[in-house]
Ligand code: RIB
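In structure tokens, the next block holds one chain alone, the form predicted alone.
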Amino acid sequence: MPDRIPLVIDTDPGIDDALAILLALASPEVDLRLVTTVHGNVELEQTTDNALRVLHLAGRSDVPVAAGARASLIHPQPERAGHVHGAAGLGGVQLPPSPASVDPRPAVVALADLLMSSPEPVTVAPIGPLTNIALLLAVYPEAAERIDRLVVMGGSAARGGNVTAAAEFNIWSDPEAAAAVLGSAIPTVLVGLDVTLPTVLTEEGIARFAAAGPIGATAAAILQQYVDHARNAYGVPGVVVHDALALTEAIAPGTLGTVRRDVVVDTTLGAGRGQTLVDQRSVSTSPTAVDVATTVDAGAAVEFLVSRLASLDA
């Protein structure tokens, strides 16, 4: 086993995506080898620029960033999430530009190259729409087999949706891609709203890493718009750490309690589009079953996040 977990983050920054990237960089257990970007919260050009800037904020411009799919596989994504994340995706905060350039390879090529050349299997954490991962499965299946596990932020087993009554945003943004990925045989943990919504980073926690130094203070500034959204949308005094919770599971496997379930994604064009239909009647033994996150120690997860983010300024 490697000393550190080889990790790729596939992302659409996004406020909570930025927090997740910073958490990975603050965690000595993982070796962040690549960031791939995808359409989602904002347009691809902006998610890519945001990823470069967040890495630069943490002094890690050496981590390559490869741009991926700018649109969903079949049907256009109905809307972006600028009303949540700000028009540029980082809550109105303008981070300094990165000195690094985007990797010239398309994201799927960069990911396939990394997977095929890695001496050990790689953990991939998709925390945006699953378009890039579906393309990898279709174009480079032999590379996809080198994935140790996918830790996906998306879906919901029992709580309904957050962008429609039925669907969570990442899955709803490209249901056909999600159906391909969640129906594959790649070992997958699905970190959905059932465990993310109870995991709230309070303003007191934000103040702790804000006081640690300039990186923490900048992360806190990025979060401010998200605090306002969470108060209005969920009635919570803080932020729901969707993507950072998925990264916590990628960094520390077993953080979340999971049950192996069969999952089907609604790809119809009706009111249920994007819903993750989780068969909760029994534990599945199917090779395509998904480890659905069902329980979380929210206090411990938030403390993990806060202490790690504070350590970036140590």
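Everything numeric in this text was worked out from a predicted model, so none of it was measured. Just count from 1 along the sequence shown to find any residue number.
Keep in mind that the form predicted together with this ligand is missing from the display, and what follows is about it.
Heavy atom of Asn41 within 4.5 Å of this ligand in the model of the complex: Contact with this ligand, yes.
Proximity of Thr123 to this ligand in the model of the complex, heavy atoms at 4.5 Å: The answer is no: Thr123 has no heavy atom within 4.5 Å of this ligand.
Interface membership of Thr131, this ligand in the model of the complex, 4.5 Å heavy atom rule: Because no heavy atom of Thr131 falls inside 4.5 Å of this ligand in the model of the complex, the answer is no.
Residue contact check: Ile127 to this ligand in the model of the complex, 4.5 Å heavy atom: Looking in the model of the complex, residue contacts with this ligand include Ile127, since a heavy atom lies within 4.5 Å.
Answer option from Leu111, Met153, Leu182, Leu201, heavy atom within 4.5 Å of this ligand in the model of the complex: Contact check passes for Met153.
Option from 213 to 221, 111 to 119, 164 to 172, 131 to 139 whose residues, in the model of the complex, bring a heavy atom within 4.5 Å of this ligand: Heavy-atom contact with the partner occurs in 164 to 172.
Contact set, 223 to 243 vs this ligand in the model of the complex - heavy atom within 4.5 angstroms: Counting only heavy atoms within 4.5 Å of this ligand in the model of the complex, the contacting residues of 223 to 243 are Tyr226, His242, Asp243.
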